[in-house]
Ligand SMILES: NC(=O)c1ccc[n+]([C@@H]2O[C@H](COP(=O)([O-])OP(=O)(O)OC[C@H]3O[C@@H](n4cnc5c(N)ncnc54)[C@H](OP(=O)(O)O)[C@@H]3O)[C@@H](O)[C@H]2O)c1
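Just the one chain here, the form predicted alone, laid out as structure tokens.
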Amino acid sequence: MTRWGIIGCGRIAHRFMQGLPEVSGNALVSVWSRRPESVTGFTSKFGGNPCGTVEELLLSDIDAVYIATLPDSHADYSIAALNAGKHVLCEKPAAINLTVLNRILAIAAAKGLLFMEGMKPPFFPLYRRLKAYLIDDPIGEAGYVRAGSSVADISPDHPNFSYELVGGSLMQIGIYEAFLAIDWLGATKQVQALGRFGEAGIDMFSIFQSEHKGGYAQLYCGLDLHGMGDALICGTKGNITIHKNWWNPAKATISYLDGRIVELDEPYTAGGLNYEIEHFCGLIKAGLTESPVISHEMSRQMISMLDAARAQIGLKFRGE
């Protein structure tokens, strides 16, 4: 049995609890949030013991902590949980920048504990099926990725728009695009970016293109335009479209140079975080301290891309 504590009771924590009951051998034990009223509502719906402080949660009988807060506090809670001897699954981006991420990873290594950034797409059935299918029927070497997401219907009071909570399109959305580019094209060589700021001091829309070991990527993210939400991956023998929303992948089309079209349709269940949870719990049971899918190096590469993009558009957060 993996006994969980959850820090943060927002939308993503509710989605986590859609998935947790779908994975056998798990139990929600303790819950804490910066807003006490949200803890009461959360525990009445999902169970678990409401905690008055984060320290109380970390002292409770738990094995792992899911950090579902906003990016401004990810590092503090991750470090506290690791120092308390708990495995950590932390929402993305796991840290505000590479320097802070390296600090977290050093503590995880010293404690011999599992730390994983919560990047969900590679665990979805469609994404896994796509990768497996391409082993026998490849599109050749991937050399180009085009992807993005821009959502224009977020409420103006959403924390994505908060500078203090490390909002903005790059940190909230661009991390997904960074993952896709690195996963298909390899290590990043350079990044070029442009960004448009809003009144709150965060980027409302950003575009960034990157050169990787295997090719090039063109990526966008935004909070005030209505984007397409699909992804295109081009190889020497064909291309792949992961249909919207590509970060919750359910359908893909593979178009080959010889004219063949292959359609993959793989629906997901329970909100989709159940697959990530299952992977994480499997790592704990195997005694591993790092995921081979979302490795520590993958996390370093992703945040490094955002660091480079933010430097180019001039976005710094407090304390940097």
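Quick caveat: nothing in here was measured; it's all calculated off a predicted structure. From 1 onward, residues are counted along the sequence shown.
The same protein has a further form, the form predicted together with the ligand, not shown here; the description that follows concerns it.
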Exercise for the section: Please run the contact check for Gly174 against the ligand in the model of the complex: heavy atoms, 4.5 angstroms, yes or no? Expected result: no
Exercise for the section: Using the partner position in the model of the complex, report whether Trp32 sits within 4.5 Å of the ligand, counting heavy atoms only. Expected result: yes
Handout entry: Contact test in the model of the complex: Gly8 vs the ligand, heavy atoms, 4.5 Å
Key = yes
Handout entry: Non-hydrogen atom contact Gly195 with the ligand in the model of the complex at 4.5 angstroms
Key = no
Handout entry: Listed residue that, although the ligand is not shown, lies within 4.5 Å of it in the model of the complex (heavy atoms), from Leu58, Leu70, Cys281, Ala252
Key = Leu70
Handout entry: Answer option from Ser38, Asn49, Ser295, Thr289, heavy atom within 4.5 Å of the ligand in the model of the complex
Key = Ser38
Problem - Partner-proximal stretch of 108-116, 195-203, 91-99, 208-216 relative to the ligand in the model of the complex, 4.5 angstroms, heavy atom - result: 91-99
Practice task
May I ask whether His87, Pro122 and Ile277 each come within 4.5 Å of the ligand in the model of the complex, counting any non-hydrogen atom?
Solution key: no
